[in-house]
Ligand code: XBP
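Heads up, the chain below is alone and in the form predicted on its own; it's given as structure tokens.
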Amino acid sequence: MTTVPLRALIFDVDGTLADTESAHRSAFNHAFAEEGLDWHWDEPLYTRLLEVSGGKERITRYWGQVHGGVKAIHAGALADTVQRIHDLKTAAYERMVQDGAVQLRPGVLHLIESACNEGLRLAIATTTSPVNIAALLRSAIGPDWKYTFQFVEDASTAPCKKPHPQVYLQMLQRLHLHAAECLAFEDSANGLKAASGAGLRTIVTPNEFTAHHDFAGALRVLPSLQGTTVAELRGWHAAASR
């Protein structure tokens, strides 16, 4: 049997490329204060809310929990309020990234550079916003970060959030590759479900917010990408392809 070669690596962003969630939580709380809300998302609450993919979706879910019995606000007015809060949150997060509050996770940059040098194609498949992606990668990699990743699928192009596989299915179409030719990198159960739903083998690097998730079905579960080599990726991929 001919082994299918590994041709591309597809990365999630939040929690996978970088430990962003603490900064996101702080940015949400900053936005709530600016909006005059008495909300505060502590770590246990935010950890539960991370089961919902997407910032605006988390705000909407929490609004329903806090004001579940309130029917006076029109759906359009609620959507406007959620958008305004999310815009404030995005601006706060971008300032934090620019101030150096968020760094790439251990081993990420080295693996990306090694993969590029060995001819693997790199892509991003995430449910976060384009602004968040640009802020992080511009700070971590530099102004030419877009040349590192051939394609980016994000919240603006894939409205169905993880665990729906839409973002990965669209990425495979753009790459013109089969799922068997790629590896996905994720940090959460929703991300793993999304990648698996598109037929992708997935390497999971949990963080403090996702360590309790069920990662059954992952190709590998690693504490980080520190020390992970392209040769190891090719070996794991080849073994799973047999």
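Start at 1 and count along the sequence shown; that's the residue number. Note that the coordinates shown come from a computational prediction; the quantities given were computed from them, not determined experimentally.
If you look for the form predicted in complex with ligand XBP, you will not find it shown, but the lines that follow are about it.
Across the options 124 to 132, 98 to 106, 138 to 146, 77 to 85, residues that bring heavy atoms within 4.5 Å of ligand XBP in the predicted complex belong to 124 to 132. With the partner omitted from this view, the residue of 50, 204, 179, 31 that lies near ligand XBP in the predicted complex is 50 [heavy atom within 4.5 Å]. With the partner omitted here, the residue from 9, 219, 233, 13 that has a non-hydrogen atom within 4.5 angstroms of ligand XBP in the predicted complex is 13. Under a 4.5 angstroms non-hydrogen atom cutoff, ligand XBP in the predicted complex lacks residue 19 among its neighbouring residues. Taking non-hydrogen atoms only, residue 46 approaches ligand XBP to within 4.5 angstroms in the predicted complex. Contact check for residue 58: a non-hydrogen atom falls within 4.5 Å of ligand XBP in the predicted complex. In the predicted complex, ligand XBP sits within 4.5 Å of a heavy atom belonging to residue 54. Residue 162 is the only member of 133 to 165 with a non-hydrogen atom no more than 4.5 angstroms from ligand XBP in the predicted complex.
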